[in-house]
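Below you will find one chain, with nothing else, as structure tokens; this is the form predicted on its own, and questions on how it binds or moves follow later.
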């Protein structure tokens, strides 16, 4: 019999300890806000799911101090991860997409991609979140919640003891995935193409060294009439262990019980293309592929991240990346509101900024799915491809927590090879030296606002305004002394400001405002008040 305990209070309660939830907890901790993260399962994921951290994600992980941990948890990027479209793993290859190496963008970012799996990444994020003050309770299920103008009451149950308690949170973050309950209970619907397939995932052990020679880290998408729908194959982090996925059809009355171990083994053998292959089935799980985006990413004090906000096909590898970045962009805003240096209206920008991006990435992955696995779904309504450097390093927030300029055109993408530096854009990359040490401008960002300028007068103004508003803001003067030097003497052009100007960069390294005028305390204060809904 369950018992009910009295309230405890937390600033932020996060439901779901996947990539989105652990990232949100970690980045909240980075900004000094402790959170409570609850997860109904006993551990983080033990399934071979999303692999790979794109450049923008690695920038965020660098800010959190875990990029090298995550990089070390994956395999060597130089080994590549070809995407192979074939009739079977050992059968005729129809097309190979990436080839031997991933693209590099050293002129756009100081980071390289990571190749860690979700299975290995989540524990790293959770450990860092704990280091930064988060509490994580596994085996804890959300039963219900009620919100009012001042917070959210969340009923939780310990799945081991059956005990229930109610926690009062200032804000609730829903990271409970595409099968979670928080979004629907918050009254938020979805739009999109809906559920596309249901699949069975089989993890198995087999000696495939000769079969996959040269493609040890490849991702295979299979196009073969022998498969009734989609099928794919990928390696795991355990040598000799692999994962195969194939469609099944509940709409025809099929259930998992229709696939005993020997039938599963036969399907796997067809996917590999080796009749009679000796193998051992390790685990079986049901999954699905859908294209859904929430109609809103916030409802009052409830905010959606990850698959709860946008469920997309896995083709393209950006589902996990987008989930982590949701946490990165939401955390500083929650911290600002909880800390009292921003108004509650700042959180409205979570929807304004992340929903259009989530829709774009979901559309890109749907188009990838058609190209790689399900050409029969092509009908001309799928999205045109966006170059990866634009989708990952050139996306913009023209109508979010920024001060747009008079000529703002509302574009949500720009070519980072030709940065504008305008508000709503990713702060352009360049290299600096400080006391003889080389560092990327990225290393100046991530904790509080930064006023990037070449003017000592603007630096004085920044200190004055930060003190008056109680906002974490510091100035970084480039070229004012020998301490911080622009290696290429080109940073003002990249940021679109003159010699007397300044650029205000948010904690998430997006440009919030800029000025080419001489130092002006009133202008800077007005910009911060607008961005922060003060």
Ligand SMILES: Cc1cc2nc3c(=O)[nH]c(=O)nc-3n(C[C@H](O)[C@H](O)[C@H](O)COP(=O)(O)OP(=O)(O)OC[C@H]3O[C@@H](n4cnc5c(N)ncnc54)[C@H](O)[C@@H]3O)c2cc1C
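Positions refer to the first chain, counted from 1. Predicted model only: the values in this text are computed from it and were never measured.
The same protein also exists as the form predicted in complex with the ligand; that form is not shown, yet it is the one meant from here on.
- Proximity to the ligand in the predicted bound form holds for none of 110, 426 and 508, with the criterion being a heavy atom within 4.5 Å.
- For the chain shown alone, residue 261 is not a contact residue for the ligand in the predicted bound form, no non-hydrogen atom being within 4.5 angstroms.
- Contact check for residue 175: a heavy atom falls within 4.5 Å of the ligand in the predicted bound form.
- In the predicted bound form, the ligand sits within 4.5 Å of a heavy atom of residue 142.
- In the predicted bound form, the ligand lies within 4.5 Å of some heavy atom of residue 287.
- The contact residue chosen from 394, 320, 400, 358 relative to the ligand in the predicted bound form is 320, the criterion being a non-hydrogen atom within 4.5 angstroms.
- Interface residue among 118, 90, 236, 223 relative to the ligand in the predicted bound form, by the heavy atom within 4.5 Å criterion: 118.
- Figure note: of the listed segments 368 to 376, 448 to 456, 309 to 317, 271 to 279, the one touching the ligand in the predicted bound form, with heavy atoms no more than 4.5 Å away, is 309 to 317.
- Within 4.5 angstroms of the ligand in the predicted bound form, the stretch 229 to 251 places a non-hydrogen atom from 245 alone.
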